[in-house]
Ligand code: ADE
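Listed next as structure tokens is one chain, alone, in the form predicted alone.
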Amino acid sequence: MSTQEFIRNIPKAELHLHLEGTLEPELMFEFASRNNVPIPYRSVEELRQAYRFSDLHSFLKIYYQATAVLLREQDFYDLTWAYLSKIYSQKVRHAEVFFDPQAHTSRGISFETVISGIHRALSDGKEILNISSRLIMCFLRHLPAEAAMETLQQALPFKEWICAVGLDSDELGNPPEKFGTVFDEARKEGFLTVAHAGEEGPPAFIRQAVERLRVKRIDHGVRCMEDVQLVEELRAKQIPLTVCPLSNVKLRVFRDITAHIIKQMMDASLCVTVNSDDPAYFGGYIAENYMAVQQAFHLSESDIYTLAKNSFHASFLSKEEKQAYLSELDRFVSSHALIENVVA
């Protein structure tokens, strides 16, 4: 088995994925046609050519424009199902996915419409594809905290469908502490918490997310390496970091994949996971992200095994569910005799 086959077939979890970011150009045109929504591109290829971003803000401009084609519950079902079908072929066994309700409710789409379509697809994903999942509701940090609180209230009737709340969108100028009260209320309601921090924002944002928002894991977090003490704390507490390598390169956080610091993070014994973020825009789903870092840093099969193992450990699965997946992972590795002395 080649290294690429090993990466594609090893059981893994994805923990940093925006459903709206899986809207492939072909599907965008399909939704636009059936919903009679005009889009400012004449072809799939012209749209793909627009995916040349200078930073996070330039990406988000197109990202939010694209959501205009999502109008009906079936749209959100089809979007989610397309993602699940893709990751099924890449041996993702568990997915914890973000959705941005404010990107839709601001257009007059009801919260119920959005979440009902997503939930129905995730349920079918478990029944038909045997992919387990958790749903994470993100607040758009460029909007006021009051808007996030309103969204939290809208979500309460659907609490049983939502595992956690998160924080995404423009990081610069929008520190985690801005949403401290909202996250306090979310925890009171029983939600777990995560937050994007330390992608474009400074290491101090990671610390704020940990200390003020009391997050269970950090999304991105690549700038943690600039703060030695922060690295020590993240390692000591084993707070997971959901790193998205191709996204970081596409958004110019790093000049290219060889300049990425994921290997340094792994060498520092941080709990690092590999994810795809917004794969329709950034050139690859989870397997492509694994392959990119493997090729850039000549990761061993043992390194790949560690990343896959981290993905289950860092998930919001129960202890029993984690153990079941970890056992499946170990059986895969042992059956192929690809790694010596790493599966005890």
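Keep in mind that this is a model prediction, so the values were computed, not measured. Residue indices: 1-based, along the sequence shown.
Omitted from view is the form predicted in complex with adenine, to which the following refers.
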Within 4.5 Å of adenine in the model of the complex, all of Glu14, Gln90 and Lys309 (non-hydrogen atom) = no
Though adenine is not shown, can you say which of Leu27, Met291, Ala68, Leu60 has a heavy atom within 4.5 Å of it in the model of the complex?
-> Leu60
Out of Ser169, Ser133, Thr113, Gln102, which one falls within 4.5 Å of adenine in the model of the complex, going by heavy atoms?
-> Ser169
Answer range among 181 to 189, 270 to 278, 202 to 210, 225 to 233 for contact with adenine, defined in the model of the complex as heavy atoms within 4.5 Å | 270 to 278
Mark Ser247 yes when one of its heavy atoms lies within 4.5 Å of a heavy atom of adenine in the model of the complex, and no otherwise.
-> yes
Determine whether any heavy atom of His220 comes within 4.5 Å of a heavy atom of adenine in the model of the complex, and answer yes or no.
-> yes
Is there any non-hydrogen atom of Leu79 lying within 4.5 Å of adenine in the model of the complex?
-> no
May I ask you to state whether Leu56 is within 4.5 Å of adenine in the model of the complex, using heavy atom distances?
-> yes
Residues of 14 to 29 having any heavy atom within 4.5 Å of adenine in the model of the complex, listed in sequence order = His18
